[in-house]
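Shown below, as structure tokens, is a lone chain in the form predicted alone; questions about how it binds or moves come after it.
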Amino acid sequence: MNNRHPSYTPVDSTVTRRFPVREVVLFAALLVAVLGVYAIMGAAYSTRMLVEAACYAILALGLTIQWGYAGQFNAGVMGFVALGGFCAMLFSVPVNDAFWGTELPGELGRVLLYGLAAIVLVIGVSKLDRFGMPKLLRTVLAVALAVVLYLVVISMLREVTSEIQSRAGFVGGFGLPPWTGWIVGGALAGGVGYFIGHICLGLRSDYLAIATLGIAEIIKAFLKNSDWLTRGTATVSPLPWPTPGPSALGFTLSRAIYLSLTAVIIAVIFFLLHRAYHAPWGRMIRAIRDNEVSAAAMGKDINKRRLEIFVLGCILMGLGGGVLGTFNSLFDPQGYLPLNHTFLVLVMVILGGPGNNLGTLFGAVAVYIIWIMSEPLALFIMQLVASLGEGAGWQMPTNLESRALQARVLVIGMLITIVLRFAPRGLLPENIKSHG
């Protein structure tokens, strides 16, 4: 009786490496598409598209190691992207003397210390069962204390934040190089990912999806309503670049330099992930994904390894969100949408192939090109049909631009349907090699 997992495919360990025909053909077709966009839309527009596609590639790499390496479905990519963008804004925006030159920083720090002390106190009460207190009584005391302390601290915080808004507008930034915000954004996203994963990774996978979806909306709501911290719907701009901006070098050259910086970041991430994938750690992660019972029987700490991979993916999402936010030179909490920053990344991973880093890069660039170019192509077709229909006396709608914008959703929906039907493992599926 064969008890091997269905994904186990014995192969001869002496087999020679095949020539990557599929990879060469697909990337050649992608290069032709990119050159076509440059020819049609111009260098400035096309270079901007490639920079944004590169930023999305970082997000997609974060998702593919969660979903592809470990089988974890993260439905809250948007939240981690927003955290990265927030940190990029907070660390790079110039210092606001109207805030830091007053007593307001001290007042805000005092309230934050009270909040930290309240958290420590609630955690301490939640551990009283270790000293003989009944668990029911401990739970009731912890919940009641948490509610009371929350109301007290939030009341104090509202007083301080109202003063900040009325006197300084918002706290401003730290005036540091943007890349410091990228690093902190990745760390913050990883910390939030640790909190979510520590609670939910021991449960069924659908609980993780629900938790990440809810946390993403909470993060967005907090950033949107914290005018004292993010200016809320008023947005913060411009965000400085770590490279010379368009005012110094022009749009095309400045974006090309930013694209080069982003390409270096992707190359480093790709190299590290490739080494990790083929290392014993990567094989252990895939063993847990393919057969959790067998991995546990071999003494592997399942939850710890799952938490590691989930936090790592969140760090990449926070980093990508920071790079993207800096490039857009704008922080707008309302601009983070599940369609653009979760679903689109998911489609990129599905198209390229979950678990295949090279496929993920291909899927990120290909899907983003399709996403961006769907609108002008749809508008061109609609205008062509409208011009032909005028001769026939047709009554054509006047809002063709808004209708063309919605065509992107239709095209992406058709794309994912076709891929799932004819290539359910992606155009460049994960190459699983086992030895029998």
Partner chain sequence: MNELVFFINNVLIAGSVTGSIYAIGAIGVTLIFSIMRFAHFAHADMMTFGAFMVLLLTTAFPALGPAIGVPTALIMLPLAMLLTALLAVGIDKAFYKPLRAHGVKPIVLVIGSLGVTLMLQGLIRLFAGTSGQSLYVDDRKEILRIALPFEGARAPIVVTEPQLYLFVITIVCVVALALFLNRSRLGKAMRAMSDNPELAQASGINTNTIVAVTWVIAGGLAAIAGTLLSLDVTFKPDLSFFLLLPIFAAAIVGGVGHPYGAIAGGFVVGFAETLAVFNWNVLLRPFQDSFPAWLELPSNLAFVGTEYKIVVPFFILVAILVWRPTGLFKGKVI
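Just so we're on the same page, rigid core means the largest C-alpha set that superposes within 1.5 Å between forms. Remember, predicted model here, so these are calculated numbers, not experimental data. Positions refer to the first chain, counted from 1.
Beyond the structure shown, there is the form predicted together with its partner chain, which is absent from this document and is the topic of what follows.
Out of 95-103, 253-261, 117-125, 68-76, where are the residues with a heavy atom within 4.5 Å of its partner chain in the model of the complex?
That would be 68-76.
Spell it out for me: taking its partner chain in the model of the complex, does every residue among 38, 302 and 371 have a heavy atom no farther than 4.5 Å from it?
Contact check failed for every one of 38, 302 and 371.
Could you work out which of 209, 284, 176, 168 is the residue within 4.5 angstroms of its partner chain in the model of the complex, going by heavy atoms?
Among 209, 284, 176, 168, a heavy atom within 4.5 Å of its partner chain in the model of the complex occurs only for 209.
Its partner chain isn't shown here, but in the model of the complex which of 343, 277, 194, 241 has a heavy atom within 4.5 Å of it?
The option sitting close enough to the partner is 343.
Indicate whether residue 420 is a 4.5 Å heavy atom neighbour of its partner chain in the model of the complex.
Close contact exists here: in the model of the complex, residue 420 approaches its partner chain to within 4.5 Å, heavy atoms only.
Test of understanding: in the model of the complex, would residue 222 fall inside 4.5 Å of its partner chain by heavy atoms?
Residue 222: yes, in contact with its partner chain in the model of the complex.
Heavy atoms within 4.5 Å of its partner chain in the model of the complex: does residue 158 have any?
Flag for residue 158 set to yes.
Flag residue 311 as yes or no: does it have a non-hydrogen atom within 4.5 angstroms of any non-hydrogen atom of its partner chain in the model of the complex?
No, residue 311 sits far enough from its partner chain in the model of the complex that none of its heavy atoms falls within 4.5 Å.
Taking its partner chain in the model of the complex, which residues of 402-423 have any heavy atom within 4.5 Å of it?
Sequence-ordered list: 403, 406, 407, 409, 410, 412, 413, 414, 416, 417, 420, 421.
Is there a C-alpha shift of 2 Å or more at residue 408 between this form and the one not shown once the rigid core is superposed?
Indeed, residue 408 is displaced by 2 Å or more.
Is residue 144 displaced by at least 2 Å at its C-alpha between this form and the one not shown when the rigid core is overlaid?
After core superposition, the displacement of the residue 144 C-alpha between this form and the one not shown reaches the 2 Å mark, so yes.
Is residue 25 one of the residues whose C-alpha moves 2 Å or more between this form and the one not shown after the core fit?
Comparing the forms between this form and the one not shown, which are aligned on their rigid core, residue 25 does not shift its C-alpha by 2 Å or more.
Say whether the C-alpha atoms of residue 407 and residue 42 sit closer together or farther apart in the model of the complex than in the form shown here, given that their separation changes by 3 Å or more.
They are farther apart; the C-alpha distance rises by 3 Å or more in the model of the complex.
Is the CA-CA spacing of residue 212 and residue 139 tighter or wider in the model of the complex than here, given a 3 Å or more change?
Farther apart, which means the C-alphas of residue 212 and residue 139 are at least 3 Å more distant in the model of the complex.
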